[in-house]
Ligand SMILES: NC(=O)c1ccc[n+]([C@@H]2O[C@H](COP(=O)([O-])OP(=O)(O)OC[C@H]3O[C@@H](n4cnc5c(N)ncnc54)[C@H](O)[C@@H]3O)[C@@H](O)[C@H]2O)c1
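Before any questions on how it binds or moves, here is one chain, the form predicted on its own, in structure tokens.
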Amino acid sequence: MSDTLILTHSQIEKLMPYSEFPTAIETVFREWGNGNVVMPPKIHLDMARSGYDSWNNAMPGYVVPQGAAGIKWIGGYADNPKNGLPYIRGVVTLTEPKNGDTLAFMDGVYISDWRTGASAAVAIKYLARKGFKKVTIVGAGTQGRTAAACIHVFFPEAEITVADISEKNLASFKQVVKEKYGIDAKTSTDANEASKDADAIVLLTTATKPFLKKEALKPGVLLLGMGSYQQAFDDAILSCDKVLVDSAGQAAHRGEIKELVESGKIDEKSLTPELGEIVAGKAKGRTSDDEKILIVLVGLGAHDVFCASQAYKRAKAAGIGTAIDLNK
């Protein structure tokens, strides 16, 4: 039996620089498309009966070629920000596939934030039209920042605009991405206006009701639905020529198109191909510059597990972390 390595947020940040996430997430998408990932749909736990607006997701995954197996347990707590705590909190646990040893127990927020941003960058790499220039990110929160940074890693010449209803959040976003990542982002308090000339629109908000209008989507746009609820109006989504997903088993029951699938306006069987198949070269994504494409990225637990496994291996090699024996 081996010891379990405990890794903190700051330790993982040193072990896994943000600039490495886009390529790491692309690798997992490719393995997913090639059938080398075991990953059941995430399980959602609604904890509202506690009297608080809170939830958790259980997201297991096994990336077979790299021997990375584990689970992310992560959730949102609506009252946290006003109490000085982060909205999103979670952990990742890694397990040895051969014998069940608990290899590591670590902070899951850093990895979750950056793999989310990296997923947007990968989707844009494979689905945006050729020669795209302008990206609008709707939502000036932490994951909006990670999306901007990861898109900048792949496409340093892309023009990035962030839209948010909060002037304070916009100012903070602009300052942080400039100082940390060298991005000179434009800002707007009107998501629809900011989206009208965008080649790619990344929806990363906590909104529970739609706000993006059909008129904001120009021909050839790539729309990324990455929120927990529907952010674009029905007619905006239905105006898209293609609706693609990261995982059909998840996207049909959570996020941007859940209500449309349940009402029969979108056929669950039509949610193909998955992004992993496109990254693996097994399916085509965009077939013309005029296609309007919606890609729904609910999030793959395998992304978190793979990145956690990379951090764990580096920590072992560098002697970083706290080792404990869970079997005592």
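When you see a residue number, it is the position in the sequence shown, counting from 1. All values derive from a computational prediction rather than experimental measurement.
Heads up, the form predicted together with the named molecule isn't pictured, but that's what we're talking about next.
A single residue from the set 153, 91, 171, 88 has any heavy atom within 4.5 angstroms of the named molecule in the model of the complex; that residue is 88.
Remark: of stretches 193-201, 100-108, 227-235, 176-184, the one touching the named molecule in the model of the complex is 227-235 (heavy atom within 4.5 Å). Looking at residue 298, you'd find a heavy atom of it within 4.5 angstroms of the named molecule in the model of the complex. Taking the partner from elsewhere, residue 239 is found to have every heavy atom lying beyond 4.5 Å of the named molecule in the model of the complex. By the criterion of a heavy atom within 4.5 Å, residue 243 is excluded from the residues contacting the named molecule in the model of the complex. Under a 4.5 angstroms non-hydrogen atom cutoff, the named molecule in the model of the complex lacks residue 222 among its neighbouring residues. Residues are counted as partner-facing when one of their heavy atoms sits within 4.5 Å of the named molecule in the model of the complex; in 114-132 these are 115, 116, in sequence order.
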